[in-house]
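What follows is one chain in structure tokens, specifically the form predicted on its own.
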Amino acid sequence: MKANRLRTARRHIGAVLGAVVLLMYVATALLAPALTVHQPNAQNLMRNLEPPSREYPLGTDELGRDILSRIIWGSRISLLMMLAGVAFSGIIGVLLGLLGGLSGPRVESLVMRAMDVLMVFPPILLAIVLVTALGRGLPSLVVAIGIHGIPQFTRLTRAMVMSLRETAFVEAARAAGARPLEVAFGHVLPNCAGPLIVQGTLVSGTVVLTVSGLSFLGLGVQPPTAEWGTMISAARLHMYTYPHAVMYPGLALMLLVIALNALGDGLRDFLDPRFRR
């Protein structure tokens, strides 16, 4: 079985590349102070909108700030917000999925209908409404970027619970006197870990795009904090004359989203025997 999984991992080159790229982003975010020569918010109006050079490998923006330094420091914001958004949607979605799968039909119907309502709204539109209603700030931003992933975790967890709740080991736990919470968290949830991890990687790409989209619209991370969405928004007026100011943050965002999706597809193939063939 281990040999089969190794062969599957080798065949799915996209997942391997996605994992490598993601590790590079994580390492870059952790080593940002050591990798940057210029401060991300240091302005030099005499050197604004310069093309790439030896001193500024990716050029400068409209305020003379080093684009490479801002991209590197912006990776910290994107990865932190991604982790916070996925954790928020994952925890709430898993709890609701356990509630819907292990409770009676009335509670299950109520939970699933609420999830259907959330899935109607596009992620960015729902995030804009929530940020506008809750106000700007880190807590409201985490709620806005994470709430659209809740239905996906809920439906997946509920489906897994429905397939596991009548199995022999769950019935044995109940017969031994295990309480409902012990059955849910001690026997059912550990067997759902693989699909939930895959779902988390797939949701991560949407969360990163939503964060950058909100920042682009002025509702997310606020200037002068280095964030890819704010960088693209500030440079969009010069995209025809100085395209490097828009292109490089956009490439950083695109590569991260592609890596997350490729890693999610590979993990699905690796953990689910139905997709290995």
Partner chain sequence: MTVRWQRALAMVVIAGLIVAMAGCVAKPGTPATSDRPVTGGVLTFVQGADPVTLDVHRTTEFMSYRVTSQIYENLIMLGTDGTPKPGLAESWQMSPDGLSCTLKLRQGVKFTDGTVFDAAAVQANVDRILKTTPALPARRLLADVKNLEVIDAHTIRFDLSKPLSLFPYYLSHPSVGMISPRALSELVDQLPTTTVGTGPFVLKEWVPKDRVILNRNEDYWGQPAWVDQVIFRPAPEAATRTVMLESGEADIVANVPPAMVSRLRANPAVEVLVAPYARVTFIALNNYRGITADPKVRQALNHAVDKQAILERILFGIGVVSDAPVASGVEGYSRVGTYQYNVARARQLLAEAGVAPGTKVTFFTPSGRYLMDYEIAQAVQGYLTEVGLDVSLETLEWAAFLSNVSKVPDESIFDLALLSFAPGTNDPDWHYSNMFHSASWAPKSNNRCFFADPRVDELLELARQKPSAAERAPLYEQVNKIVFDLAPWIFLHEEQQIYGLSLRVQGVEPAPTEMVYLKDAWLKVK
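Keep in mind it's a predicted model, so treat the numbers as computed, not measured. Numbering follows the first chain given and starts at 1.
From this point on, the text means the form predicted together with its partner chain, which you will not see here.
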{"query": "65, 136 and 237 all contacting its partner chain in the predicted bound form, non-hydrogen atom within 4.5 Å", "finding": "yes"}
{"query": "Distance check, residue 48 to its partner chain in the predicted bound form, heavy atom within 4.5 Å", "finding": "yes"}
{"query": "Exercise: residue 223 in contact with its partner chain in the predicted bound form, heavy atom 4.5 Å", "finding": "yes"}
{"query": "Contact flag, residue 39 vs its partner chain in the predicted bound form, heavy atom cut 4.5 Å", "finding": "no"}
{"query": "Residue 242: touches its partner chain in the predicted bound form, heavy atom cutoff 4.5 angstroms", "finding": "yes"}
{"query": "Its partner chain in the predicted bound form: contacting segment from 245-253, 40-48, 206-214, 24-32, heavy atom within 4.5 Å", "finding": "40-48"}
